[in-house]
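Next comes just one chain, in structure tokens: the form predicted on its own.
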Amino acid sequence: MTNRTIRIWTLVHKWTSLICTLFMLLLCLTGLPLIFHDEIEALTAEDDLPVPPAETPLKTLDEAVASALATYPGERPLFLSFDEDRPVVNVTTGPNARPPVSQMHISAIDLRTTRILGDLNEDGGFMHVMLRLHVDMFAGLPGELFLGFMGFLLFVATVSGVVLYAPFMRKLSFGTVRAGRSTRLKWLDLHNMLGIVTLMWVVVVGLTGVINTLSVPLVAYWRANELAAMIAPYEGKPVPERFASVDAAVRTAMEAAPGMRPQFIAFPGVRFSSNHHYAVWLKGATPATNRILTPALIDAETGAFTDMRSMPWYMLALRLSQPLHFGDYGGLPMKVLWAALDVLTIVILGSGLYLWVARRRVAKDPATAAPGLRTVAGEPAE
């Protein structure tokens, strides 16, 4: 590699790192508690789910929806989702088909009694703040896309760092940290070593984070193409005044896809459905397939099956990127590993900032540099 090529890659690494570092620190710090989201919620939540007699039969989904609508008169159902480990369904209602989040109510309903356990949309605690900062910095879609661009810059910074690693470390054994030399040289060696150790994790988490920030435009593209083709025969039909049984719609969808379970149900008129259909989103029943969703459209007037199609590749990429990003597909050991790598990444980002500041100081006062030590950010050689 020529000196000119090295200088170009050094500039790429320097400026992509400097631009994204503060935002990546924010994402790493907020992402740390989010890795243990389930565990933190389990410790802090007050489970007021009653313990009824054994073999208590479950109420129907229609009764659960009716309970939510009775609690919020004048609203209409939007979504229904299922708790993984409790006989609880979450019914989202609002004043119209596409209200802002602030006007929605998410009622957690005990399926054994149809009693409402609470409004999940009232969550404004620590984890909610961490999630919003991590997803969009409270700036909505512009914030999501901005953080996605920062994630792309992180990827470029990582690649350029790898390119620079080989020529600058060719005279040193892997993992060498020259602790007996200057503080700046020691941190430079540590920065380079940790960067290589965490390389694959940073690339995977960074790229899956970028994909996650594209969820809104990807869903919009799916609606405009795949969903539009599925509902073309019903184009122009209004939202029915009365809906068929949601319980029957779920049964019909499960009969069309044996072995799959419902993940959530989108009512007619909402973003994930059409004006004339329930969209019953089904997932696989095994760990390998429970992240892959398949929408089944059920006529909301008659309850008849309309269509079901597998998700296109870009929606599959979106779904599969989420567990990879947060490391929540391998239980607690995987989460601990993800947290450890997150902390190492924080050290890498912090040391990169320190090296940049130290280089500027040396540039202003060359006499403070160690003899023979070059001051280009990223190189450990003498």
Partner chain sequence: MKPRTSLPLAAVFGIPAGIGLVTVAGLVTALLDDGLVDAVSWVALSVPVLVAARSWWKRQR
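Keep in mind that what you see is a predicted model, and the values were worked out from it rather than measured. Residue numbers count along the first chain shown, from 1.
What comes next is about the form predicted together with the partner chain, which does not appear here.
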* Of these, Val239, Met254, Val162, Met104, which has a heavy atom no more than 4.5 Å from the partner chain in the model of the complex? -> Val162
* Find the only residue in Met308, Met130, Ile116, Ile196 having a heavy atom within 4.5 Å of the partner chain in the model of the complex. => Ile196
* Asked: Taking the shortest heavy atom distance, is Gly180 within 4.5 Å of the partner chain in the model of the complex?
  -> yes
* Asked: Can any non-hydrogen atom of Met200 be found within 4.5 angstroms of the partner chain in the model of the complex?
  -> yes
* Give a yes/no on whether Arg86 approaches the partner chain to within 4.5 Å in the model of the complex, heavy atoms considered. => no
* To do: May I ask you to state whether Asn225 is within 4.5 Å of the partner chain in the model of the complex, using heavy atom distances?
  => no
* Asked: 217-225, 299-307, 163-171, 88-96: which one contacts the partner chain in the model of the complex at 4.5 Å, heavy atom to heavy atom?
  -> 163-171
* Asked: Looking at the partner chain in the model of the complex, do all three of Leu190, Arg291 and Tyr329 come within 4.5 Å of it through at least one heavy atom?
  -> yes
* What residues, if any, in 216-243 have a non-hydrogen atom within 4.5 angstroms of the partner chain in the model of the complex? -> none
